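Okay, so here's just one chain, in structure tokens, the form predicted on its own.
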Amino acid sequence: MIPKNISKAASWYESSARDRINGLLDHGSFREILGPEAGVISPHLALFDLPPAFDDGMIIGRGTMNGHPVAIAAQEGQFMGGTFAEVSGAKLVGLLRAATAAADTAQAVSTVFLLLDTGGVRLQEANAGEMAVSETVRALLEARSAGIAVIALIGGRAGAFGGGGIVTACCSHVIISEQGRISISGPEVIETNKGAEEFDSRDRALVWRVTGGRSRALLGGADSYVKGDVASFRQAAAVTRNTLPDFSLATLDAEQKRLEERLNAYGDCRDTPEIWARAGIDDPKNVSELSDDAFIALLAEKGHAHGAR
């Protein structure tokens, strides 16, 4: 649901991938790499009588944020569910590798923004898509090792599922809105394999409680929670890009410790209200009904920022 107080602002959820890029970066600064005019399309979709897209649902390029050079990739969730495939994956991996290769040169960028909006691997290109996810993870970690922050922004229609969830977890920082969702297995996949008793994918309230932005922010699966408008995502991205911890063994040790503590504290819970009650949140069943302002105040009160990733 789009909050009423931002209904007239440019919505991240409703925007296309290109509109999100233009809203995030300095006006007119975006320079696309391998844009639609290059005609690099999927070689596989025609075999299934499916129409291609001239950017294969992945827009990559460079621009500036507050005058600083950055690289950016955005998935178009309305084309094939924003899925990872041969061409879209190669474009993303190439962008990350180029950012790493340019480190400490005149072409260096300080940050790579990943505007993820994906249901995971494209089923029609499953093998290529799985390889694209693994190569993306490797390229992402190489970029972080080179001192480049990689920041995920999640708030689109498709969320960040499957390989998108894995890629998100590898980023330096995750910014999310209430409409964002992050998970490895989608609700239908869990139900198909474990049954509706384990997870009823038709229970939309359950799906949003478990995978939605507020749960991810409270549990530390996302680092920054923002209202669902493009301007709020830009504001958070501009602040974050200069405040991230080093990609060091100490950072990874701290993250591992935090995850172990979280599992010990909440691993036996069946639903998020149980977690919120155990975490000491007043009226845990009402978390989803809070306004964005009230929820942001709750996050500040609980001091959810953990500083590790």
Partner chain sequence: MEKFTISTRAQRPLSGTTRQAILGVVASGNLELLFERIGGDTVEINILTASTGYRTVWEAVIRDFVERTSPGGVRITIHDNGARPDTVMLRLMQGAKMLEMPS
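Since the model is a prediction, treat every value here as computed from it, not as a measurement. Positions refer to the first chain, counted from 1.
The form predicted together with its partner chain exists for this protein as well; it is not shown, and the discussion that follows is about that form.
Asks: Please pick, from Ala53, Leu252, Leu259, Ile281, the one residue with any non-hydrogen atom lying within 4.5 angstroms of its partner chain in the model of the complex.
Replies: Of the candidates Ala53, Leu252, Leu259, Ile281, Ala53 is the one lying within 4.5 Å of its partner chain in the model of the complex.
Asks: Which residue, Glu76, Asp223, Glu125, Asp229, is the contact with its partner chain in the model of the complex, using a 4.5 Å heavy atom cutoff?
Replies: By the 4.5 Å heavy-atom cutoff, the listed residue in contact is Glu76.
Asks: Within 4.5 Å of its partner chain in the model of the complex: all of Pro36, Ala46 and Asp49, by heavy atom?
Replies: Looking in the model of the complex, the three residues Pro36, Ala46 and Asp49 all sit within 4.5 Å of its partner chain (heavy atoms).
Asks: Find out whether any non-hydrogen atom of Lys285 is located within 4.5 angstroms of its partner chain in the model of the complex, and reply yes or no.
Replies: Judged by the heavy-atom cut-off of 4.5 Å, Lys285 is well away from its partner chain in the model of the complex.
Asks: Heavy atoms within 4.5 Å of its partner chain in the model of the complex: which of the stretches 188-196, 95-103, 156-164, 78-86 has them?
Replies: Flagged stretch: 78-86.
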